[in-house]
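So this first bit is one chain, no partners, the form predicted on its own, shown in structure tokens.
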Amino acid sequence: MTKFYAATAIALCFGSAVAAEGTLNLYVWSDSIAPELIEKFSNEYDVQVNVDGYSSNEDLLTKLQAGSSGYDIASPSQHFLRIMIDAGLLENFGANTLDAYANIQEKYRNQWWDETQEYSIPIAYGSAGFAVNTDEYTGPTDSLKYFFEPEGELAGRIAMLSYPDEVVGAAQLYLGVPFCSEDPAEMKRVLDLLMAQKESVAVYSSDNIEGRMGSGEVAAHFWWDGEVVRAAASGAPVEYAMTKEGLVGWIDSLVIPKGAQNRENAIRFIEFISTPENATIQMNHYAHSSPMNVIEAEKKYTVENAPGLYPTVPVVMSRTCSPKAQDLVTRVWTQLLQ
């Protein structure tokens, strides 16, 4: 847990407009929130901010389902956000009445995962696909075929995430199987594909991907666009594949878990991070695209230096599946890892 704290005297020096005081506990994607913004908010509002990170939507859902999480803000992806609303795990904080709502780009408002936009404010969006180490692999990358049916330089030298979320979705895109299929025969095709690929998978892991890729331990890894962009910006020889079958899309939003003890500070933080100025800082840190209106001239990642953030192929958003469909996904993943 990372903590930032500003004493009252320091906050007064910054000329805080509102003396909020108190605590704010975040449970968000690991390393997702710009430390600069955490410190700035802490100073400006005289609030102790505690940050915990997670690496999967499943981890977040499990924590909230257990109750009394102690967290005031979380950042689920769209399909899990819908599950959490339906399960009564989130506060209705009137997001559509905030200034933050007014700064959401029109096309990202009132989507199916929160039709009336009462429970969430989006913070980032992107895609998942595969990346290659260009020192280790020089072949084509314009199809998921090269990743799911690896040959040559990729044989035995690819890695997968350790969760089924976007991995199964990508396999479905490749096979033409619809997301959330309830057809056992269609999902058997997904399982067969992943089982055949397994002999070339060096590891199933969602941790230390940059180290694994940068060192050349593997030649390709299933990954997220922003992480590839950040690794490339730091000098790693990595490239994000634009696959003709499409990419698996996601959008993360800030929400307030039911029963949050610091609800007002949570709302203040959501308003704070959603201004054009701070949304730009957040995008420049996270390296994923922002659904908010940002200051274009101050964007660090552009189509020229970060093409992975500006896909030229279809991006298909993950859906919230029925229990029957989700059970089939779970069966596929369980059998794969046995």
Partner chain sequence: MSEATAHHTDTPQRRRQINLPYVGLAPAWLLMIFALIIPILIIIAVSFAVRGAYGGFDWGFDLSGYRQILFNEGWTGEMEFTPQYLIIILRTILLATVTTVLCLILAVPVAYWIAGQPGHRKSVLVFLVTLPFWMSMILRVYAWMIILGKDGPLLRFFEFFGAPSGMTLMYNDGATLAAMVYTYIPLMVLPVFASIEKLDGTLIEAAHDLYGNRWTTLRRVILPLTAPGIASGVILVFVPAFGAVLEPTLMGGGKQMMMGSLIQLQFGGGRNWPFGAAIAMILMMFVMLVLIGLALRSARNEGES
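Residue numbers count along the first chain shown, from 1. What you see is a predicted model, and the numbers here were worked out from it, not measured in a lab.
This next part talks about the form predicted together with the partner chain, which is not shown.
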| Ok, L154, V201, L98, L175: which has a heavy atom sitting within 4.5 Å of the partner chain in the model of the complex? | V201
| task | Only one of N92, S234, T138, N208 comes within 4.5 Å of the partner chain in the model of the complex by heavy atoms, so just point that one out. | result | N208
| message | Taking the partner chain as it sits in the model of the complex, is T330 near enough to touch it, meaning that at least one heavy atom pair lies within 4.5 angstroms? | response | yes
| message | Within 4.5 Å, heavy atoms only: does E166 come near the partner chain in the model of the complex? | response | no
| query | Taking 4.5 angstroms as the cut-off for heavy atoms, does T23 touch the partner chain in the model of the complex? | reply | no
| query | Looking in the model of the complex, any heavy atom of A266 within 4.5 Å of the partner chain? | reply | no
| When the partner chain is placed as it is in the model of the complex, which of 58-66, 304-312, 289-297, 268-276 ends up with heavy atoms within 4.5 Å of it? | 58-66
| field | Heavy atom of each of I83, R212 and G216 within 4.5 Å of the partner chain in the model of the complex | value | yes
| message | Could you pull out the residues of 159-191 that have any heavy atom within 4.5 Å of the partner chain in the model of the complex? | response | P164, D165, P184, M187, K188, L191
